[in-house]
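Okay, here we've got a single chain as structure tokens, the form predicted on its own, with questions on binding and movement later.
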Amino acid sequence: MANDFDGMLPRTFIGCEAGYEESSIVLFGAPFDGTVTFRPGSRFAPSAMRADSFGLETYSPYQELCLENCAIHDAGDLDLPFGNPAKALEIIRGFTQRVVRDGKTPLMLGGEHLVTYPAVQSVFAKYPELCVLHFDAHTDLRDIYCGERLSHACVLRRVWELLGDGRIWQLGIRSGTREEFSWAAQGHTALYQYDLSGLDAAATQIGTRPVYITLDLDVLDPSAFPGTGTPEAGGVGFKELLRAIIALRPLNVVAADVVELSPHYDASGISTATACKAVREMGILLHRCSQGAGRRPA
């Protein structure tokens, strides 16, 4: 798709115009925020990111590569029903399953954080040694929240039920209940508080195993990223996050998501622009990982 809109909103994220068959990475939107209990709106994030991505260059000076050279297909947004979380998760699971079955790397744009769970289920089915690297302000380890086990506050607990101990690393965490921190400390997850300083240790422990990266953008400090449903003071800066993304290149990254932008809470557009830049760098990272010799088959 050309950068000339011809009066139309862009239908793809900039530089992600490869056809499905020729692509190695498939980007898609999961516009769902059906379990949010504080500030909804993340369902508008994928379309907002596509529109605002055209304020970016496709070239990343940080990774010295252009999105247009990464064979990324933007499949658009999944058609998810309102008021039926179980059906929405089923659709996400099914589409992700198709992508990994076809030997491609999924890059999902949320949506609230619960959308990670069905995507991980499908990736785990192909990669049984899967690990998860989780960037977030929040633990997301509650067993039940507001009477529901399928909630954005429970997503990493559900992921743990799939993977078990020693398979989840959590970075930037600065909010959660006492019980969640205590449960993690029992060895169920490797939880690093406040910043991303645990990344090197996590990468060493993960080694060559396949890894799913879930990036909840509220890991960023709200002074830099106010456009999210649950802002949490004390977060990291974008440069710190960018360094972390680039540092992941030696890993065997087989899937990723970027979640929890709620664009209308930041009228300046800075949060959406920041999210777009994170997606650009994540897309290039996935390309490098998919081309790397360290990538392992199922």
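Nothing here was measured: the structure is a model prediction, and the numbers come from that model. Residue numbers here begin at 1 and follow the sequence given.
Another form, the form predicted together with another copy of the chain, is not on view; read the next lines as being about it.
Participant: Answer for Arg174 alone: is it within 4.5 Å of another copy of the chain in the predicted complex, judged on heavy atom distances?
Facilitator: Yes, contact at 4.5 Å.
Participant: Going by a heavy atom distance of 4.5 Å, is Lys277 a contact of another copy of the chain in the predicted complex?
Facilitator: Within the cut-off, so yes.
Participant: With the partner left out here, check for me: in the predicted complex, does some heavy atom of Ser47 sit within 4.5 Å of another copy of the chain?
Facilitator: Taking the distances in the predicted complex, the answer for Ser47 is yes, it comes within 4.5 Å of another copy of the chain.
Participant: Should Arg39 be classed as touching another copy of the chain in the predicted complex when contacts are defined as heavy atoms within 4.5 Å?
Facilitator: Yes, Arg39 sits close enough to another copy of the chain in the predicted complex that at least one of its heavy atoms falls within 4.5 Å.
Participant: With another copy of the chain left out here, work out from 208-216, 77-85, 157-165, 121-129 which stretch has heavy atoms within 4.5 Å of it in the predicted complex.
Facilitator: Correct option: 77-85.
Participant: Mind listing which residues of 117-134 have a heavy atom within 4.5 Å of another copy of the chain in the predicted complex?
Facilitator: Nothing in the stretch sits within 4.5 Å of the partner.
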